[in-house]
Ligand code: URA
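Just one chain is shown here, as structure tokens, and it is the form predicted on its own.
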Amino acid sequence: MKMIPNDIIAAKNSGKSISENDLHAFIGGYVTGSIDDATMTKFLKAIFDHGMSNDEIYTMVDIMIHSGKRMDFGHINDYVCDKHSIGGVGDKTSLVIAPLLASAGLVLPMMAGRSLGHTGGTLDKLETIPGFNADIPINEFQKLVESNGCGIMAQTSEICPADGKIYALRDVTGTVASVPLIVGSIMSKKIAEGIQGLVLDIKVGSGAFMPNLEKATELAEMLKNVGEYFGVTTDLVYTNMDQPLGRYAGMWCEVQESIDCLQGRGPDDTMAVSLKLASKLMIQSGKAKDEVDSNAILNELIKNGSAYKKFEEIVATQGGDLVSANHEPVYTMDIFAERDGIIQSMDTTQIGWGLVDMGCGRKHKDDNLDSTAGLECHRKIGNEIQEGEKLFTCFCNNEDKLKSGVEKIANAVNIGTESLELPLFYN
């Protein structure tokens, strides 16, 4: 019996589960073009409103994986793994963790994403390095990873093309925060990488897609269930996203901060999150017996220069030229505190949208990004500040975009009198 798209949408809107055959037909039709963006948008919104059962999610992930090619590292003896963060502002930990773990002898075929909603994209940041190429055929990428221990690629049409097309649509249809769609998108790509192990950075707070721990736990457990269902050891780390991570958030400035981390002079919060996530994979692989052991090993690799050397190798192998990566913005603007006190909170999603306005993300599929764009955080939550002191310095190459971004970011900070300390992690 032929699948009728409007009937499937109506069924989902009434809370019914969609059969395996109908899901195959609907998603397959979208990939081949027989179902258009408008129809798929209605289906995505129905999922956003009514969710999916575990069996529907397993089926969706399987469809996405088998819509393209998979990597296979079964012939090598090293531990093959990856890390993924669930959104975030200022989250550059992938750029730290990938070379750090590769320098420790793990293998990371990392497939990274572009900006999504108010959050930045790892690939967008990497592509601020002149010549860096993330659009690599899967066979070539697999050889690169086997040779280097690590590579970072874009999702090409060869890998999970069903997800690739849906991912781009989610970003412009208000369906980014759907738990089943997040799970399907993340896990299909990770499983297609041919990995044995995975660590997930589950962001919680005002800058996360999941604003509270209850929602974040729902997402995390679903991700873990899918990982285990498909045979991938999956660990979870819950991290705070009530403020931007690190000192910088944006484009090239985040790459520079990552380099600082790999050279042993990164901000404490960026380093703490990077090491916590990396330790999970070190323990999974048997390279370390616990977090203390892992930190000792990884800090030594930073100290002796191995981690940064691996970063240079990864960039050079993928055509990047760090020497000529100099992105001085034309325009800068400071945001100052309007009163004395202690920083109580930040609307980090609002900060993220301000960065999007400045050129760090996309509101439409074809928007151009600005490599120079970003901000520097001079104060964090819990810090004392005096009236007239700097909160942020914002920068980019377009004066109108800078003003638009600053307008959002300037209203995102709450200053009060209560002393407080923000935790980096949730148990």
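The structure displayed is predicted, hence computed values, not measured ones. For the two forms, the rigid core is made up of the largest set of C-alpha atoms that agree within 1.5 Å on superposition. Start at 1 and count along the sequence shown; that's the residue number.
Another form, the form predicted in complex with the named molecule, is not on view; read the next lines as being about it.
Remark: Leu116 counts among the residues lining the named molecule in the model of the complex, judged by a heavy atom distance of 4.5 Å or less.
At a distance threshold of 4.5 angstroms between non-hydrogen atoms, Lys203 is out of contact with the named molecule in the model of the complex. The named molecule is not shown here, and in the model of the complex it never comes within 4.5 Å of any heavy atom of Val226. Using a 4.5 Å cutoff between non-hydrogen atoms, Lys310 does not count as a contact of the named molecule in the model of the complex. The candidate stretches are 321-329, 290-298, 175-183, 88-96, and the one lying within 4.5 Å of the named molecule in the model of the complex by heavy atoms is 175-183. Screening Tyr238, Phe141, Trp252, Tyr167 for any heavy atom within 4.5 Å of the named molecule in the model of the complex leaves a single hit, Tyr167. Superposition of the core reveals a Cα shift of 2 Å or more for Ala177 between this form and the one not shown. Annotation for Leu44: C-alpha shift of 2 angstroms or more between this form and the one not shown, rigid core superposed.
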